[in-house]
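First, one chain by itself in structure tokens, the form predicted on its own.
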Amino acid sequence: MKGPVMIFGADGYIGWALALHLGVRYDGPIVLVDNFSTRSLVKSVKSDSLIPIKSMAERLRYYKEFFNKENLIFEPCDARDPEQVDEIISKYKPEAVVHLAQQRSAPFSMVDQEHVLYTEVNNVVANINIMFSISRHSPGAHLLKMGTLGEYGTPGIDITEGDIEIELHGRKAKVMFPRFGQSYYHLTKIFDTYNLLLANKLYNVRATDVMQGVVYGVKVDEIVDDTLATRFDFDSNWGTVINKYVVQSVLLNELLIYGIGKQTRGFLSLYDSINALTLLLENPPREGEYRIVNQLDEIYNTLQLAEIVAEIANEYGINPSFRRIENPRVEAEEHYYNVEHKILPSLGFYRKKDIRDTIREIFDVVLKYKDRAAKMKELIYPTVRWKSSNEFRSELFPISKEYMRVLSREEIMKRYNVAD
């Protein structure tokens, strides 16, 4: 890639890791776009990143010191504002745009009606703004949008990578694989998929729609020091299951298993997520093509993951027990799950990091910041239940109308020097 690459959501868990990886890999400009909303939203549920993360200003300074490069460029932008998005995309005319600028937590989206509204507006509007600005100012640019395997739900049949052929009354047709989102967050991803598919048909937006599995881990090769660390969330609202299990084993000496523990999903390490996204950027779809890619390494149920985490915990002198608790989600407790994923392997993708090695890295970090984690110990237990989301306003996690307000570029820059 020669032209600018733009990453919306570059301050986030995957966004910052990807920015580092691309910055080191290429000499061209990598434009980092964010409004720092994830930092605020995590704190709104009284949580924080386990690893203290630096401000964006510090991150860029340390990047320059470690790698002697200045190709990471930050641009303040609230992606909900079409004029701000237009201004940045017209300024750089990027060769590729990675869209990660979304509220990414299913539990957060299920707190109450206000959290549903925030999630729906934030995610759907940002996606629309980005794809329209690309079509106007950088036609032919590759839009790499982060979707989720959660869009598919658990349909009970093999999940295809792309269209599925159906037959009804003797007639056959190919249609997009059905979507069965099980949270309002997952529904926003489905809306994004259909909005992008229409933009592809109307405006020839070249797009890769990544249906990504659950990501875990704390590092990529370019995170050579904690000053360059990406965020690590472990609370019940923002953490993913493997990351949460490691913290639970260290702090509680037990693993909290939702229901019978047979909920099955696709997983991949942060290393593999970043390498897969890079490979897709380096191998874009044809001009005017819309491409769906299923991105995962392996499939596990939550009990199997708990057993692997417990096995690694034993190496650290920890022997956690298993405690089954009521599943706060509304989902099938046990189901068939098989996902086709051929495109990435066809491009040369292979698993970079074994799950056990990655879990060991997580243990090392969690033990290092054990005292910090202990201060947020009560946040490990689930607090949001899917069936309670019909409340208008939760007393537990009130969301200010301030979060609904679009931030100006000047306001975002005031957050530029603010670290956790």
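Numbers for residues come from their place in the sequence shown, where the first is 1. Remember, predicted model here, so these are calculated numbers, not experimental data.
Below: the form predicted together with a small molecule, not depicted.
A79 is the sole member of V247, V97, A79, V309 with a non-hydrogen atom lying within 4.5 angstroms of the small molecule in the model of the complex.
Of the residues L72, L280, A199, V215, just one reaches the small molecule in the model of the complex with a heavy atom at 4.5 Å or closer; this is V215. The closest non-hydrogen atom of S133 lies beyond 4.5 Å of the small molecule in the model of the complex. Although the partner is absent here, K189 sits close enough that one of its heavy atoms falls within 4.5 Å of the small molecule in the model of the complex. Taking the partner from the other structure, the small molecule in the model of the complex has a heavy atom within 4.5 Å of a heavy atom of F36. Contact annotation for G147: at least one heavy atom lies within 4.5 Å of the small molecule in the model of the complex. Across the options 136 to 144, 167 to 175, 343 to 351, 100 to 108, residues that bring heavy atoms within 4.5 Å of the small molecule in the model of the complex belong to 100 to 108.
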